[in-house]
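One chain comes next, on its own, written as structure tokens: the form predicted on its own.
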């Protein structure tokens, strides 16, 4: 394994990106950060990170540039745009996109990057805001072996479970599997806790009973207690989840797959957004389902 590079550009310091970048500072890396709203990066700047006015500036002369932004359009603009990372005067050695995005876009970025002598890795994550804060993310990696080996020590600073799934775009495909599983599971968690409440059970005791059995899941153990507390502040936005479900449905259709559970979850979350909860956490589905039962 190559020695971890130490000059890193980091683009996107939201709910997930800010703590991830913080771990890199703690590990001794020299960070230059860029995000649309500079105030969201203030804590990192106070801790010694430098500020860049554009993705190109954040990328200039860096060993590695990492991005975790909102949508595929944001990813495209960040790396392929007029002020994107690949337009830097001195492009980075490797770019790593950790946004959940479209597999074909990851492959396209890798192709453009390779023509410029730059490595590209897609490395979307799972684990939410808790995983980002605790550096316990699961990181799903796509890319050629050389760039992946180069950035592996950096990714280990932010995550606990790292798996290299294959060529560019493979990490994004693995993340779609993750989102398909989450989509159907979170509906079940909400419905199960609604049932428990109507049956007069103590929901905390219910979670204690089921979390270690066949029905156990990350969503039960981590989001279930938040539902009980009525804490719907985002670790991951509903509107971003809908974007992920749309990508998963599009990819499934291209493969000739029929995904009724995924389609149902997307319809439910469209209703959640229509009720004004697009910037809440995905388990805000619970009160929406409650109102359906009233």
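Computed from a predicted model, the values in this text were never measured in an experiment. Numbering follows the first chain given and starts at 1. The term rigid core refers to the maximal set of C-alpha atoms that superpose within 1.5 Å between the two forms.
FYI, the form predicted together with a further copy of the same chain isn't displayed, but the following is about it.
J.: Taking a further copy of the same chain in the model of the complex as the reference, which of 56, 248, 69, 44 has a non-hydrogen atom within 4.5 Å?
T.: Here the answer is residue option 248.
J.: Though a further copy of the same chain is not shown, can you say which of 111, 134, 82, 208 has a heavy atom within 4.5 Å of it in the model of the complex?
T.: After the contact test, the surviving option is 208.
J.: Going by heavy atoms within 4.5 Å, which of 85-93, 135-143, 112-120, 72-80 lines up against a further copy of the same chain in the model of the complex?
T.: Of the options, only 135-143 has residues within 4.5 Å of the partner.
J.: How about residue 149: is it within 4.5 Å of a further copy of the same chain in the model of the complex, going by heavy atoms?
T.: Answer no; every heavy atom of residue 149 is more than 4.5 Å from a further copy of the same chain in the model of the complex.
J.: Using the partner position in the model of the complex, report whether residue 181 sits within 4.5 Å of a further copy of the same chain, counting heavy atoms only.
T.: Yes, residue 181 is a contact residue.
J.: Would residue 194 sit within 4.5 Å of a further copy of the same chain in the model of the complex, counting heavy atoms only?
T.: Residue 194 belongs to the contact set for a further copy of the same chain.
J.: Can you work out whether residue 187 and a further copy of the same chain are in contact in the model of the complex, taking contact to mean some heavy atom pair no more than 4.5 Å apart?
T.: Yes, residue 187 is a contact residue.
J.: Heavy atom within 4.5 Å of a further copy of the same chain in the model of the complex: which residues of 260-280 qualify?
T.: 260, 261, 262, 264, 268 sit within 4.5 Å of the partner.
J.: For residue 226, state whether the C-alpha moves by 2 Å or more between the shown form and the other one after rigid core superposition.
T.: Yes, residue 226 moves 2 Å or more.
J.: Kindly check if the Cα atom of residue 160 is displaced 2 angstroms or more between the shown form and the other one relative to the superposed rigid core.
T.: The answer is no; the displacement is under 2 Å.
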